[in-house]
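Only one chain is shown below, in structure tokens, and it's the form predicted alone.
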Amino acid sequence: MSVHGLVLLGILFSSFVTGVAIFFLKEENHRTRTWLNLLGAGLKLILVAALLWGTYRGQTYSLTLEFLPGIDFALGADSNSVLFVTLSTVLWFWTTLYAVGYLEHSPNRSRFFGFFSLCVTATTGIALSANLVTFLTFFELLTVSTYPLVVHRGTKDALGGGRIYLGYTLAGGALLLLAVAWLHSLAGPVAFKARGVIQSLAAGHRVELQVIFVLFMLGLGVKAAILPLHGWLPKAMVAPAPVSALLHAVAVVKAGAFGIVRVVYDVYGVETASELNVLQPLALAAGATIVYGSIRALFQDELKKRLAYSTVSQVSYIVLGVAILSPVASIGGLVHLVHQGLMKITLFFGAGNYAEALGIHKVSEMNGVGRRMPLTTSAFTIGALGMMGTPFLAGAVSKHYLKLGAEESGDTWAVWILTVSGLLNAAYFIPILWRAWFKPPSDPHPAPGSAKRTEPPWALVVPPVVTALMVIWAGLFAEQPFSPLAWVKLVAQREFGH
């Protein structure tokens, strides 16, 4: 086994071994559990940094083991997978730090952090999968490992939300399995390859490939929360704030969106997918989801549900960019995979801080919170402004490229969708910011001392401040080397050939 293969295994096992070890810790071993979490997350960061640098310099990373006769377990790294694994690893580190502070006095912490680490293992496995069978294996492991996190609190609402989540994702997994098996029967083992691998089948199996594509989109669209497969996401908001951050920014919805990217670019190829006439329906579904999620977010008073419907909308920006036949639109969609993760994790960290420090769960309860929690609210504000597409922040970069790509391809309807969505983003975020910064506290007779600053402990404040700074960095320095945008341009060059 080569050194490069060991790097790939190290990236997987840094979180897997951490999770297994934590399962055996007693609840009172708080210090040991914290160090194991941070060491595992730190080691993964170092290994992914080495992978990023090596891939940038043209080194090849691959590992193939026989899984079953004729079926290989295969890992590899290309510009696409490195983008996703880097995002997952960086955000896992800050989510781990946040979760340690958030769950400091909660029961069942060893169980939580054990499954938390397995969830990240599955996510990095999805990113590094080099063929469809390996991808499917980790995709289903993600479903199994996230369910205990969704139901962690064990309340009636948590168990109900978990059942809905499991029902949706297992059904999606079954459709994905059918798509993989059917395509395997036509093409044999399918390894991911730039610009697709099924071009030779398109002429003789046109209808079959169209049906298989629909199955792929349905199976992956559950986790990507595409309309009408999104119903589990708002229900899963009963989970603790670190889990919500994980679901929306690091793992589940990103895994679904990344899977769609893989199928369109590295299984079908954009040219073959276009010839099969399957991209336009996917683009329309994404456009409908963008508008629908934004409208539903307008009417949610519960803060986490408003953010959940925002995710339903924002993740479909990625799908829209992939489905529009334009290199520029693909750049906008793929860079939004990163930018949305940075912005949304900041927002969920903020929501968790409001609940933890002040017991605030609803938008209507946020009057004056900016003066009491200025650091948290400043970070939340940056995340919200980024989502609205405010200039010099990460979201503006994504939307700029998406609109340019839609104009380039002649899809003017998509330009209107993005414009309307931007206005709706402002309509559901500005009232939150107005309440937080400019309205007096809701209680006309506050208890003595209740108007003082009440930031939570540093472990809960540092992560949203850091990710908010990353939102600024990704916007201000978008054109610099090693920015998300610069890396995504490498992906577009690989997939489109120019």
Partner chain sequence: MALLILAPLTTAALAVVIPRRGRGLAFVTAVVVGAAVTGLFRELRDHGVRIHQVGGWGAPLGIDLRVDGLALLMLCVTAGIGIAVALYATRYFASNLNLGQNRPQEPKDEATHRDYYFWPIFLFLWTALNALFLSADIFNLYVTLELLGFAAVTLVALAGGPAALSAALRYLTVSLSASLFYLLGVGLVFGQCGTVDLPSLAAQRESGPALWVALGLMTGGLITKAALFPMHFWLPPAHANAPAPVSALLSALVVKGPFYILLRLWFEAFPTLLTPAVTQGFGVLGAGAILWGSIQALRQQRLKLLVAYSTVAQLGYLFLLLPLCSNSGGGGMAWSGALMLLGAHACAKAAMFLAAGNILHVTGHDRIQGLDGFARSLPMSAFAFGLAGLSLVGLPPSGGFAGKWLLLNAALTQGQWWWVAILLIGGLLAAAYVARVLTHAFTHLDGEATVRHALPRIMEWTPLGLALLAVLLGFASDGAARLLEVGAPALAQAAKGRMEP
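Note that this is a predicted model, so its numbers are computed, not measured. Numbering follows the first chain given and starts at 1.
What comes next is about the form predicted in complex with the partner chain, which does not appear here.
- Only one of 334 to 342, 368 to 376, 89 to 97, 111 to 119 places residue heavy atoms within 4.5 angstroms of the partner chain in the model of the complex, namely 111 to 119.
- For the candidate spot formed by Glu271, Leu325 and Val488, no residue has a non-hydrogen atom within 4.5 angstroms of the partner chain in the model of the complex.
- Mapping the unseen interface onto this chain, Phe23 counts among the residues with a heavy atom inside 4.5 Å of the partner chain in the model of the complex.
- Within this chain, Lys235 is remote from the site of the partner chain in the model of the complex, having no heavy atom within 4.5 Å.
- Mapping the unseen interface onto this chain, His400 falls outside it, with no heavy atom inside 4.5 Å of the partner chain in the model of the complex.
- Although the partner is absent here, Thr137 is a contact residue: one of its heavy atoms lies within 4.5 angstroms of the partner chain in the model of the complex.
- Note on contacts: among Phe67, Trp434, Trp458, Trp35, the single residue with a heavy atom within 4.5 Å of the partner chain in the model of the complex is Phe67.
- For the options Ala357, Leu103, Leu166, Ala202, the residue carrying a heavy atom within 4.5 angstroms of the partner chain in the model of the complex is Leu166.
- Residues of 158 to 183 placing a heavy atom within 4.5 Å of the partner chain in the model of the complex, in sequence order: Leu159, Arg163, Leu166, Leu170, Ala171, Ala174, Leu177, Leu178, Val180, Ala181, Trp182.
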